[in-house]
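First, one chain by itself: the form predicted alone, in C-alpha cells.
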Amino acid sequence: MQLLLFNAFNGLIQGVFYALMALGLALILSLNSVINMAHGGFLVIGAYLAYTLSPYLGFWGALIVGPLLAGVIGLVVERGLIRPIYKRSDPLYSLLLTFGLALIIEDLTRTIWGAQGLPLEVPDIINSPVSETYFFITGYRLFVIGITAAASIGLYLLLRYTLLGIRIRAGTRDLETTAALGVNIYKLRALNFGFGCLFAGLAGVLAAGVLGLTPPMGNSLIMPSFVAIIIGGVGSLFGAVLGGLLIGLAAGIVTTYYPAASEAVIYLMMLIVLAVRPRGLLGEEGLFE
C-alpha cells in the first residue's frame, strides 16, 4: 500500500507540472492559434535563469524572477518570430517554427550551462518530509501543489474580472470583432503569449527543485501536456489542469503494477477520451466558452 501511495503521489506531482504546462499551452492555442512546440524550451529558460539568479536573489527571488523573464522572452519571440506568421492560415507554419525554436533553445542551453545536470537548491525549511511514515510527502512538494493551485486561481480571476482578461476571452471567441471594437489584437496576442510562457517558466522552476536541471528537461513534459489539453478539452483552462492531474496520477498508479506501461497509459487515456467524448472532458464548456 505504501508503494502505491508513493508512486501515486509522485505521479500527482508530475501531473502538477503537466497542468502548469498545459495551462500555458491552452492560453496560447486559444487566442494565438499557435501550436507551441517550443513551450518546453520556455520551461528550460525559466528553470536555468532561476538557477543562475538564485545565488543573488535566493530561491524565493529566483522563483519569481525566473518565470517573469521567461514571459518577457516569450513577448520578444512573439513579436519577432510568431507575429509574422499569423496571416498564414495553415497551422503547420507555427508548428514547424516553434519546433525549430525548441531545438535552438536546447542547444543554446547546452552551450551556455553545459550538458551535465545541475541541482536547484531548495531551502531546507520546506525540503524535509512532513511525516516519518510518509517520507515522500515533503514540504516542497506540498508547496508545489499550493503554488500551482494559486497560479490557476489567479489566472482564472485575471481572465474573469480584469479588462485584459475580458479582452482575451473576447478574442478567443471572435478576434475580428474584438479588433473592430478598437482592441489592439497584436498587443493582446503578445501579452497572452507572454503569459503562456510565464506558466511554462514557473513549471520549469518548480520541476527543477524536484527533477534537477538538464537541457532536454522540457522534452519529457511537452507531449503529455498536449495530451492533457486534449483530455481536458481544448478551450477549457480547468480542463487542462484536470487533464494534467489525471494523466500524472494514472501514470503513477500504473508504475506500481506495470512500470513499462507508465507512459503508454497516458496515450491510452487520450485514445479512450477521444473515442467516447471527442471534445474532451470539459471541451466547449470551459472557461472560454
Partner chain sequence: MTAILRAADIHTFYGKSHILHGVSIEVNEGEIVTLLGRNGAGKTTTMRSLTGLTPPRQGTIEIFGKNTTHWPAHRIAGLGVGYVPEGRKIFGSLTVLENLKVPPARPGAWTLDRVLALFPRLAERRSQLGRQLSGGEQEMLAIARPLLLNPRLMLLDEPSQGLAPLIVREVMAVVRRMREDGLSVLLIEQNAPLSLSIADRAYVLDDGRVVYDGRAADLAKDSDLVNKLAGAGSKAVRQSA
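Numbering follows the first chain given and starts at 1. Since we're looking at a predicted model, the values are computed, not measured.
Keep in mind that the form predicted together with its partner chain is not shown, yet the notes after this line are about it.
Participant: Answer for residue 99 alone: is it within 4.5 Å of its partner chain in the predicted complex, judged on heavy atom distances?
Facilitator: The answer is no: residue 99 has no heavy atom within 4.5 Å of its partner chain.
Participant: Given that the partner is absent here, does residue 127 sit within 4.5 Å of its partner chain in the predicted complex, heavy atoms only?
Facilitator: Residue 127: no contact with its partner chain in the predicted complex.
Participant: Is there a non-hydrogen atom of residue 173 within 4.5 angstroms of a non-hydrogen atom of its partner chain in the predicted complex?
Facilitator: Heavy-atom contact with its partner chain at 4.5 Å: present for residue 173.
Participant: According to a 4.5 angstroms non-hydrogen atom cut-off, is residue 219 in contact with its partner chain in the predicted complex?
Facilitator: Flag for residue 219 set to no.
Participant: Counting only non-hydrogen atoms, which stretch in 211-219, 156-164, 193-201, 90-98 is within 4.5 Å of its partner chain in the predicted complex?
Facilitator: That would be 156-164.
Participant: So its partner chain isn't shown here. In the predicted complex, which residue out of 76, 179, 85, 118 has a non-hydrogen atom within 4.5 Å of it?
Facilitator: Contact check passes for 179.
Participant: From first to last in sequence, which residues of 136-154 have any non-hydrogen atom within 4.5 angstroms of its partner chain in the predicted complex?
Facilitator: Residues within 4.5 Å: none in this stretch.
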